[in-house]
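First, one chain by itself: the form predicted alone, in structure tokens.
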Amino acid sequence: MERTTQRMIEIPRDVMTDEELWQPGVLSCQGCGASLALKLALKGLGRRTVVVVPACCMSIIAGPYPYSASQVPFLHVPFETAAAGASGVRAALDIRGEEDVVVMAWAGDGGTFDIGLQALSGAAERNDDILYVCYDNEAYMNTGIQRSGATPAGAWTTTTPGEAVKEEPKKDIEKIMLSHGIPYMATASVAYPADIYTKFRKIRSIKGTKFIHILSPCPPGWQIDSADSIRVSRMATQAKVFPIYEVEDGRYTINVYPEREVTVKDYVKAQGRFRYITDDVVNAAQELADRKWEELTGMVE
């Protein structure tokens, strides 16, 4: 099996010279993973891109009308309609003969795992030629850190307060999307920027529904220092909690292999949102991470 680690992923030469389509002055918090991820995504996609954004942090971060940090069209749609809106934009562009434009839905985990799942499933079932990106900060951060289907077990939120933390594990959105038979699915993390850039460059040549799941730290929601966003995100991959891989036409490739021993306990101890987590939940999370990693490596082999 060919293995790619974080050291082997090199930033392409043109990454420093590509046009900046996500400008300074955004309204994100310090250490916001979502803003960094979108900056890298747009560098990979280029100017021939339309972004469709539902109600989420990014709909605020981009700036209030008539200002926008985005240098490409940025369409705001209702919470549950990111995929449906993107499908509509795709159809309109096809009628105009502009098939080279990438239509990207950019939604948070609440608008993907929960509220917008029906529209996303419909677009994937039709194999609409859109790119759907979920920037996953593992809760409804824009409205006050409420629990979502992406919130991991043992995490504190304002709707699972005190010791009444979330008991259910995170939804397996990757398997949900792959069950639709889409041509491309990938995970990514702001801890590995070259990997993000490379994947977004790649999808320009792929037709059909593409889905990219990006781990996107939220310092206020995760209760970490803003300077630790990248470090904690990297720990998630090193601990096998959030593997970085892609599936293209059914072929699995692991893009980042853990280089050092990091346990789930190490990862959760670095975040204040897990201050109430019990040893039993940590042990169960470790078993789940190990089992899913074994399944993933088996798919590659």
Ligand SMILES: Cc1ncc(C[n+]2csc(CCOP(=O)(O)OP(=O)(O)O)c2C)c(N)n1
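Keep in mind the model is a prediction, meaning the values are calculated, not measured. Residue numbers run from 1 along the displayed sequence.
Keep in mind that the form predicted in complex with the named molecule is not shown, yet the notes after this line are about it.
With the named molecule left out of view, the stretch that reaches within 4.5 Å of it through heavy atoms in the predicted complex is, among 179-187, 158-166, 220-228, 105-113, 105-113. The partner is absent here; in the predicted complex, the one residue of Ala191, Ile214, Ala139, Leu120 having a heavy atom within 4.5 Å of the named molecule is Ala139. Of the listed positions (Cys56, Ala62, Val264, Leu40), a single one reaches within 4.5 angstroms of the named molecule by any non-hydrogen atom in the predicted complex, namely Cys56. Judged against the named molecule in the predicted complex with a 4.5 angstroms heavy atom cut-off, the residues Phe242, Phe274 and Gln286 are out of contact without exception.
Residue contact with the named molecule in the predicted complex: Asp195 places no heavy atom within 4.5 Å of it.
In the predicted complex, the named molecule sits within 4.5 Å of a heavy atom belonging to Tyr135. Not displayed here, the named molecule is approached by Thr143 to within 4.5 Å at the level of heavy atoms in the predicted complex. Within this chain, Glu80 lines the site of the named molecule in the predicted complex, having a heavy atom no more than 4.5 Å away.
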